[in-house]
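The chain below stands alone and is given in structure tokens; this is the form predicted on its own.
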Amino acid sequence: MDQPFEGLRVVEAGGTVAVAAATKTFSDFGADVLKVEPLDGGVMRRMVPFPDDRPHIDRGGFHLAFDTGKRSIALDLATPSGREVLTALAANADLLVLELPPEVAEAVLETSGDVPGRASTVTISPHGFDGPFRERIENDMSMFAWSTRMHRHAVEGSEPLRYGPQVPSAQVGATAAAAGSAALWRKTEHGERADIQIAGVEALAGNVDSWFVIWSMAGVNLPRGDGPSKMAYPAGNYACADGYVLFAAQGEPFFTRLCAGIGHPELTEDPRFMDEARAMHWDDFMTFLGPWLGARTRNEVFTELQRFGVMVAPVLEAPDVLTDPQAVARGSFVEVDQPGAGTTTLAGPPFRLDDAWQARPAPQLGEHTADVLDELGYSRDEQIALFRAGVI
């Protein structure tokens, strides 16, 4: 079957993780994505890691992961000529996705506003284009702090913690991808274009782990304990021979199944572990569970207790996922031959649709500038003039 976005053109501008994550969805599912980048490549191409720790503008890990299959145009959008080129791109595209300073983004939108049949737009910014914080510059960590989620992402009584680097930005990109997909559907099905604004802080605050819903209903912030629960157990992370496993076996029938699985079915009749008394005897229970876990690996714990129907899962580290039997069977990770960088391993499709997804190599900076300008009708003399003026 054809890829779902095949035949559609998407233009990306900004050089950030969020905008690149958003348009990766369209590129991997068949759209022609034109990545308009700053002349120096922007921030994302400079983000670690690099193969063999050798910095290179075309080989950064985030670039290789998020720019799969795109075409790169190096263009200075701070110049009128640069915005003129972007306007021409928008006039020949179905969707324009931007993360630029508000004044630059508004200039781009205003310039392209009178172009017949121009693309729908999705604009990303930290706080939106109005309000007292519209000009604020944020990063993934500060947006996470603004969203209320960092406050709850912590052990009670300790300082708040960040997510892994760029996770919040990638989540904002996922929101932009969903909005852009809706805009494309509206345009292809009804012939109506859309202008969509996404404020990163709002996109993050609306996520389910913000705890805002709990506060709005209960009026309080619930405490967040450290380590496994010692009152309703076993729940949380528990150490085993080679790492940790996650239990959610505090309720019935899972507690009874766990006791049978570790060879102590009699514990369900032990007064220490019945009803309200159980909350007072976590240490006693660990004299049975602790040694059993310590003698087994994560996979052994998971495999043995699955036979008893216990709610348990191994806590995997990054290298583990490549050999995880389920990930291997599903092809959850793929290899891409990246010119200049060799074979890279990337996450596979976020959802499955037969023959719809394909990860292709990421482009070199400005690799397709001349080709795209040819498509737009710029003559060689005009391209040389733009190059000499530092626009491309």
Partner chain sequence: MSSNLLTGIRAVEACEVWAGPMGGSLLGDLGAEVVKVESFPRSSMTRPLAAAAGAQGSVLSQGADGPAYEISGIHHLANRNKRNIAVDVRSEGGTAVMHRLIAQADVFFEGYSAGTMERLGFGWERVREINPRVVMVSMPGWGVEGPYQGYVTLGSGLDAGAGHASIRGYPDRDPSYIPGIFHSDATGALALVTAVVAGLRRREQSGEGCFIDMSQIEVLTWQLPGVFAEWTMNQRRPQRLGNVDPHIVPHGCYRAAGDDSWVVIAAETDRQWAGLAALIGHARWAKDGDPRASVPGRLRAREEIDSAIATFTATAPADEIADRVQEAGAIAAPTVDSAGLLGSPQLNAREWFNTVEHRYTGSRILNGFLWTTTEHPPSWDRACGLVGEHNDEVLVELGYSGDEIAALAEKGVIGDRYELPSP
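Predicted, not measured: the structure shown is a model, and the values here were computed from it. If you superpose the two forms and keep the largest set of C-alpha atoms that fall within 1.5 Å, you have the rigid core. Numbering follows the first chain given and starts at 1.
From this point on, the text means the form predicted together with the partner chain, which you will not see here.
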Legend entry - Heavy atom distance at most 4.5 Å to the partner chain in the model of the complex, all of 21, 51 and 64: yes
Inset, instruction - Name the single residue among 281, 71, 134, 264 that comes within 4.5 Å of the partner chain in the model of the complex, judging by heavy atoms. - result: 134
Legend entry - in the model of the complex, the one of 293, 119, 170, 98 near the partner chain [non-hydrogen atom within 4.5 angstroms]: 170
Inset, instruction - Select, from the options 79-87, 154-162, 265-273, 98-106, the stretch whose residues sit within 4.5 angstroms of the partner chain in the model of the complex by heavy atom distance. - result: 154-162
Legend entry - Contact flag, residue 16 vs the partner chain in the model of the complex, heavy atom cut 4.5 Å: no
Legend entry - 4.5 Å heavy atom contact, residue 350 and the partner chain in the model of the complex: yes
Legend entry - Heavy atom of residue 302 within 4.5 Å of the partner chain in the model of the complex: yes
Legend entry - Distance check, residue 39 to the partner chain in the model of the complex, heavy atom within 4.5 Å: no
Inset, instruction - Scan 158-194 and note down the residues that get a heavy atom within 4.5 Å of the partner chain in the model of the complex; none is a fine answer too. - result: 158, 159, 160, 161, 162, 163, 164, 165, 167, 170, 171, 174, 175, 177, 178, 179, 181, 182, 183, 185, 186, 188, 189, 190, 192, 194
Inset, instruction - Classify residue 153 as shifted (yes) or not shifted (no) between the shown form and the other one, where shifted means its C-alpha moves by 2 Å or more with the rigid core superposed. - result: no
Inset, instruction - For residue 235, decide whether the Cα shift between the shown form and the other one is 2 Å or greater, given a superposition on the rigid core. - result: yes
Inset, instruction - Verify the C-alpha shift of residue 128 between the shown form and the other one: is it 2 Å or more after superposing the core? - result: no
